[in-house]
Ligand code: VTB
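First, one chain by itself in structure tokens, the form predicted on its own.
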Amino acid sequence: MENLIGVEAVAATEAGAIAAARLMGRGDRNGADRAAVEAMRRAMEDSDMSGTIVIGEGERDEAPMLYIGEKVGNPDAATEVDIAVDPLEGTNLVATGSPNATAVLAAAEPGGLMHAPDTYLRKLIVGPMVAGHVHIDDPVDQTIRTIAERLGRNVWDITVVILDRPRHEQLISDVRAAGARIKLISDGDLTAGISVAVSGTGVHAVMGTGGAPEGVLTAAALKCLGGEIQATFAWRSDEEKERARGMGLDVDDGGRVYRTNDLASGENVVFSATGVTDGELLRGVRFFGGGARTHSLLTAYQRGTVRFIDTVHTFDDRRPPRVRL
């Protein structure tokens, strides 16, 4: 099952990344997102699995494609999956030509991914060496010290990624007071969360409040990579709570901390991300005469595999690619 899902997942994220990358730097965030959505949907239409979108581009009346509850793929296929998708993580990043935009998809057996509403989660994300040794409600300075101890580093060597938002003013102050370094980002906490679990990215933790759908996608990746996300819902309105209750969530849970396996409980979880613009984790799409080259991350929990996939796509068979390392 994971082999089939993995092939289809990479095909979808590659298609979305290529479509979005064509609009890099043009200032059209909505156009780039729409291009990614349409390309990923076409890719999934050709797949040999029967999928249900559990996290997508919104409710049916708000999004023409990849809406929550939409059926994709082949309805007669033997393999049924739930799909969480962010066709373009970082629409503003593509619009401005900034780093770390990606096309992302996670899949699992039915029921294997939380049906998260479009609200916020307060998050703490750490890598494999720190997983199980911190708690989201611990004081910030204690968390930073624990991360440093687990990684065998000094506190001032630790880099924490935080979304640059007014709501994080106190968090930023606390991290600075603890002595750690901070990387403020304008968008894309999903990509940052994945980077925490990959050595060499220079990212050691992600803290702060960000999208709940992105939190589920991050959890799917971290489950395969051995990292950890801890999160609590940060409701913005009673309407959000009612929508969440309709999805089967206990909105009166007293601030329950959701962990990686709560957000991505499946045993056949597959996660794929393809770079749209260059970043610490993935290279962006590179176009050449007659084609493009993509760089993707594909992880499969059950098989215990992590693959970085470098793919050359030929659009014009009269102009074969000159492949170089």
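This structure is a prediction, so every number in the text was calculated from the model and none was measured. Sequential numbering from 1, following the sequence displayed.
One more form of this protein exists, namely the form predicted together with the named molecule; it is left out here, but the text below deals with it.
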Options 205 to 213, 246 to 254, 108 to 116, 68 to 76; stretch whose heavy atom lies within 4.5 Å of the named molecule in the model of the complex: 205 to 213
With the named molecule left out of view, which of His135, Arg165, Arg176, Lys183 would have a heavy atom within 4.5 Å of it in the model of the complex? Arg165
Answer option from Leu190, Val81, Leu222, Val126, heavy atom within 4.5 Å of the named molecule in the model of the complex: Leu190
Can you tell me whether Glu89 touches the named molecule? I mean in the model of the complex, with a 4.5 angstroms heavy atom cut-off. yes
